[in-house]
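Heads up, the chain below is alone and in the form predicted alone; it's given as structure tokens.
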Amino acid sequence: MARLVAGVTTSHVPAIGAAIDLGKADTPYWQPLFKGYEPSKKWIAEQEPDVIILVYNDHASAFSLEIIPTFALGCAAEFPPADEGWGPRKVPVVKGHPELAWHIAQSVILDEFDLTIVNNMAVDHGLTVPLSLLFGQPQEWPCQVIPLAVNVVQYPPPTGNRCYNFGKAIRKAVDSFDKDLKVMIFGTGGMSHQLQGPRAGLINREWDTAFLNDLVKDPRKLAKMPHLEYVREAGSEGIELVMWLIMRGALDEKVREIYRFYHVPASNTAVGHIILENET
């Protein structure tokens, strides 16, 4: 049977992708950030996952105000990098796992989660930057990836509780898949940041740290957090953190914290990153 063994969270700041693509990762500004991901790259290389379920938000690349799915699962065989206005990132095409993706879709829909199934989708920096941070610049991504896009751009986004329970439904689906696969799940976005208005550039280190602590030890507390607290304490784009709760819901109640990294600023964002493994 498939095994969901670990979860990873990381910010997906577009400027990180640009720094990698333009060869600026070793500059004084960016070097401390990329150094913080070196232990993670070593860890995931040792783990050798077969499939990653990558939870991210689309930034008007695959979806627009014409179609706004709350949860959209990529079930295709591959997903090309999106052109976000300056050409697609020069990264490998993402190879999906249609068989597992369709199994997840069937399982969670029958569990009463209204899911949009997508068979043709370009993926933007929300998905490709986390892959670059964990895998570097390979000729091909070393594992298959199932994209799970969540609406955290257009009001109303899903609640933290809905995301946490959705993660549990995904775990149930993975556990019932009858192929021997080592699966991981990523939650991306955040941490505290606001891109516009009088509070542009907001970073709340104290709140971010408390969020990371609760993500490990008390995710049910986070699941109860209202949208307003995210916006007030973490900025308008801080709402992306509900996607981390999908990752956490898919793991065991008790987990081992393998690694944590926090860095400010990256562009005008607080970068947060954590690796959690199931105890069983």
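Position 1 is the first residue in the sequence shown; the rest follow in order. Every value quoted in this text rests on a predicted model; they were computed, and no experiment measured them.
There is also a form predicted together with ligand DHB; it is not shown, and the following applies to it.
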Just one stretch in 104-112, 190-198, 138-146, 173-181 has heavy atoms within 4.5 Å of ligand DHB in the predicted bound form, so which one is it?
-> 190-198
May I ask you to check whether A19 falls inside a 4.5 Å heavy atom distance of ligand DHB in the predicted bound form?
-> no
Give a yes/no on whether H125 approaches ligand DHB to within 4.5 Å in the predicted bound form, heavy atoms considered.
-> yes
Using 4.5 Å between non-hydrogen atoms, is P14 touching ligand DHB in the predicted bound form?
-> yes
Considering only heavy atoms, tell me if A266 and ligand DHB come within 4.5 Å of each other in the predicted bound form.
-> yes
Within 44-62, the residues that have a heavy atom no more than 4.5 Å from ligand DHB in the predicted bound form = H59
